[in-house]
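Let's start with one chain on its own, the form predicted on its own, as structure tokens.
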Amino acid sequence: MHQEAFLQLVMPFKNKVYRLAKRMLISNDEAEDATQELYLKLWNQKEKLIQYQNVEAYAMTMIKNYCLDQLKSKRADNLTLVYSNYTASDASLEKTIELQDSIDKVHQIIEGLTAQQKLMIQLRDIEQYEFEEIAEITGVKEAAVRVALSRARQIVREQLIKKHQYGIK
């Protein structure tokens, strides 16, 4: 496979790979390193890529596994969760502050979820993968993906309602 064919095959999902790595590793630098590692591995396997039915799902699986390995390593202690990619356009200062506060609360709740639940929310709600693709990426049955995602959303919903109703009986 020539360089041009390789780039046409793998570049369309580069941003998705980076966002998943960033969601899992938090750090921009770590996510960039993970993305570079993935593309180096894909380049080294370029002749084998043709045999994969869904190269994007294969790449997402590879990045997920790489990130999990990184999180298990000693560097995991130094990572923190940061979410700052949500903005409101035509809102007053008060509404903007309220919105940011709510978003921060949601992210704090997501931070408390299990690694699998975080991954499911990232893949389905952020990256908008289909359940079948998530099952392929994570190596989990589609029904288990639905259950994990449902439970994660339920936890987020319940804890967010509890925070918003603080002090109200």
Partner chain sequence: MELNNIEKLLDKYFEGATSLNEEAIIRQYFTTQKVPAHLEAYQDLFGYYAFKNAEESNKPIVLNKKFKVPYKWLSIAAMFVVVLGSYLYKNQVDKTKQAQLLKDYQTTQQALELISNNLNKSTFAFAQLQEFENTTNKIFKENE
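Positions refer to the first chain, counted from 1. What you are looking at is a predicted structure, and each value in this text was computed from that prediction instead of being measured.
From this point on, the text means the form predicted together with the partner chain, which you will not see here.
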| query | finding |
| --- | --- |
| Close approach of E132 to the partner chain in the predicted bound form, 4.5 Å, heavy atom | no |
| 4.5 Å heavy atom contact, K105 to the partner chain in the predicted bound form | yes |
| Partner proximity in the predicted bound form: Q53 to the partner chain, non-hydrogen atom cutoff 4.5 Å | no |
| L7: touches the partner chain in the predicted bound form, heavy atom cutoff 4.5 angstroms | yes |
| Residues within 4.5 Å of the partner chain in the predicted bound form, restricted to 1-31 and counted by heavy atom | Q3, F6, L7, M11, K14, N15, Y18, R19, K22, R23 |
